[in-house]
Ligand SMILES: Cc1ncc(COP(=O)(O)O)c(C=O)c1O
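The chain below stands alone, shown as structure tokens; this is the form predicted alone.
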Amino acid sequence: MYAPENTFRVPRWRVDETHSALREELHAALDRVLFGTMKTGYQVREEFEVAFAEAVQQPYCVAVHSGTLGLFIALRACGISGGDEVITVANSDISTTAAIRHCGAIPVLCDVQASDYTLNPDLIEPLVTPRTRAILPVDLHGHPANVARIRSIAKHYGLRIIEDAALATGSCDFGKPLGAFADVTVYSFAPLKPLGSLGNGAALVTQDSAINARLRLLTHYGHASMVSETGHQNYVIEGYNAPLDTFQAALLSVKLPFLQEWTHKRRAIARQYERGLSHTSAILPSFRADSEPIFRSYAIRVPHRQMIYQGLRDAGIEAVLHYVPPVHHYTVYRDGLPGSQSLPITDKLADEIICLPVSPENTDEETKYVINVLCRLLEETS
């Protein structure tokens, strides 16, 4: 069982404090949905889609039920189907590989970079076969994968790019919000994400009008329109009932204007960690000059990881081990996934990574406490 959040001196999640600060605005937004008509709810969701598209500088946005379902719908909208191969990573949530397999396609695993834990573009081309149809990079821990470089590979081989930005809402790369170089980018709004709802939620953004049309059809049952002029329904594909819940849309609409402020706070905490841990045995993440991470958490590499992990939690610091082990070690994939035998960096990272709290509500004193405890533990285990 998970310990209650308030048992930790420095928890990884304290959005309840943010919600308390936004109490009046949230009540007004939720009242609009709760006591409005069904049409009001649809309008709230549409307004959020427009606002989010503007925030990430994309022309189209479709809000859906969850990031997991969003990845599946994005793959389907890009034409991925049975027997196709999709190149991706193993150091992610199972949603990434599961979405590919739910399409009937085959995840082909590529190793990652030790610097920022994202897909290594240098290793992609040897994995391309005549069955390859797409590349699915993951912006792990809010670190932007180099999708601009991956785009040149995808263009050469005629491949789609579906970017898993579930952890990276607020990140930028090459001066642009994530999504600028992908065919579809999937952002998640699950509660522990940088822009979190209270349930599930996600947004699919694209610059391609044809892909946007397919995303919307797949999300809304496959209706050609909600109701025809004759009052009859018409389905042009077999879609799903997967739009974002209007209650979550209302909540997210209130929080979205604060995303930039929270992003600045997250980056300030990361800089504090970087300064405080720079002379220790911890290996800190490093990034391209063009990369502007969001830091869903501050993921570092440490020796004697399990001892450090337990020591931090014993000291009241909610450190976590995200995406450990990598998916190819899960029982569900015991028969093997292509590429799983050639992931030395992925496997090494899984033995060393630990994620430190980066909640925008955290104070400087709390972050200093994490640093001091971690420095002591690193010395004791050296």
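Numbers for residues come from their place in the sequence shown, where the first is 1. In this text the structure is predicted, and so the values were computed from the model without any measurement.
Another form, the form predicted together with the named molecule, is not on view; read the next lines as being about it.
Between 186 to 194, 154 to 162, 170 to 178, 304 to 312, the stretch whose residues reach within 4.5 angstroms of the named molecule in the predicted bound form through a non-hydrogen atom is 186 to 194. Site residues E318, L356 and S359 are none of them in contact with the named molecule in the predicted bound form, judged by any heavy atom within 4.5 Å. Contact with the named molecule in the predicted bound form, defined as a heavy atom within 4.5 Å, holds for exactly one of T118, S92, T88, T206, namely S92. Proximity to the named molecule in the predicted bound form, defined as a heavy atom within 4.5 Å, holds among I100, L244, A166, A77 only for A166. Proximity of P293 to the named molecule in the predicted bound form: non-hydrogen atoms within 4.5 Å are absent; the residue sits far from the partner. Although the partner is absent here, L71 is a contact residue: one of its heavy atoms lies within 4.5 angstroms of the named molecule in the predicted bound form. In the predicted bound form, at least one heavy atom of G201 sits within 4.5 Å of a heavy atom of the named molecule.
Mapping the unseen interface onto this chain, Y323 counts among the residues with a heavy atom inside 4.5 Å of the named molecule in the predicted bound form. Counting a residue when any of its non-hydrogen atoms is within 4.5 Å of the named molecule in the predicted bound form, the one hit in 108 to 146 is V138.
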